[in-house]
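As a starting point, one isolated chain is supplied in structure tokens, in the form predicted alone.
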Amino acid sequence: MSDFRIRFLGTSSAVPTRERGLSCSVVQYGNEVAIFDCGEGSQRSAIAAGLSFSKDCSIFVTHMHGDHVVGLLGLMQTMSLYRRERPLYVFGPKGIVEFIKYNHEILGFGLTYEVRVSVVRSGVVFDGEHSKYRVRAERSLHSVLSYAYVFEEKDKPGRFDPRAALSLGVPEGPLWSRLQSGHAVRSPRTGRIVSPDQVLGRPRRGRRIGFSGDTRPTKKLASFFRGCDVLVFDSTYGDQNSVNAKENFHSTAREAAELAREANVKQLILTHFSARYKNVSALVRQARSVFPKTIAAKDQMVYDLSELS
């Protein structure tokens, strides 16, 4: 997959700042887009990023707090003004159906496309027949019903061995493509059937991205995110505000790092910073003292997973 990246459209917590909008992260995967949370102003940030409003798109809402869901209404209207035609898939906790239905009726904006809304529960919530990824959900620990998500690329076939194919009498061309797609072919030279396992290496595990939403760190989430290539985690507070984190059901940067270490992830990206922090470098240092592979997200930052095997 040559196009696989995370673009951060909003990285502040409940209050936006001059530099940071409200929560919204976008996974661009080939010709598909998966959006995680949709705070107010997400459509403007999407336009600034040059994102297409016509691609296959699914939106995953972690919980029904305004800084994570209110922007969905504006995004839906903007998609319509851009004459979107493909269905839009929206997933979220209990209340998401009514939120979209009643606001759509009250605001009275027309849509050029179908909106298909689903209430999520723990487990696989999206696994499109033609999509090369799935999304799983797990309960997180916030002040309201909330879910974390894992974007999971489906396992890929092993690497193709051209020399093996040639030795089995399969010439370069369309038959190679069929073998790489998992289909057996007949050798034009020998007349024998050649199966994919004869020319492909071991299957490769798909890459995985975890999104925590707003949460306290929990053992359940550490297990849910285990082995993720990238973990995007709630880091609303620094050490000096650890009491606030507990009272408001958020995490500190250090707690995010401790969970990342326990979950054995490869990269931690901190996000959802309280507006009280004009500079988050101290939070990054606190996290790196526990988990060195830590960076801080910022609006319009792009993290590329294309080169990860």
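Throughout, we count residues from 1 along the sequence that is shown. This is a predicted model, so every value here is computed, not measured.
Only in words, not in the display: the form predicted in complex with another copy of the chain, which the text now covers.
Inset, instruction - Report whether all of Gly210, Ala222 and Ile295 sit within 4.5 Å of another copy of the chain in the model of the complex, measuring from non-hydrogen atoms. - result: The answer is no: none of the three residues contacts the partner (heavy atom, 4.5 Å cut-off).
Inset, instruction - Tell me the stretch among 126 to 134, 168 to 176, 213 to 221, 99 to 107 that has any heavy atom within 4.5 angstroms of another copy of the chain in the model of the complex. - result: Heavy-atom contact with the partner occurs in 99 to 107.
Legend entry - Any non-hydrogen atom of Pro196 within 4.5 angstroms of another copy of the chain in the model of the complex: Because no heavy atom of Pro196 falls inside 4.5 Å of another copy of the chain in the model of the complex, the answer is no.
Legend entry - Interface membership of Pro157, another copy of the chain in the model of the complex, 4.5 Å heavy atom rule: Pro157 lies outside the contact set for another copy of the chain.
Legend entry - Contact test in the model of the complex: Thr78 vs another copy of the chain, heavy atoms, 4.5 Å: Yes, Thr78 is a contact residue.
Inset, instruction - Report whether the minimum heavy atom distance between Met301 and another copy of the chain in the model of the complex is within 4.5 Å. - result: No, Met301 stays farther than 4.5 Å from another copy of the chain in the model of the complex.
Inset, instruction - Name the residue from Ser42, Ser58, Thr252, Thr271 that puts a heavy atom within 4.5 Å of another copy of the chain in the model of the complex. - result: Only one option qualifies, and that one is Ser42.
Legend entry - Members of 11 to 35 lying within 4.5 angstroms of another copy of the chain, judged by heavy atom, in the model of the complex: Heavy-atom contacts within 4.5 Å come from Ala14, Val15, Pro16, Thr17, Arg18, Glu19, Arg20, Gly21, Leu22.
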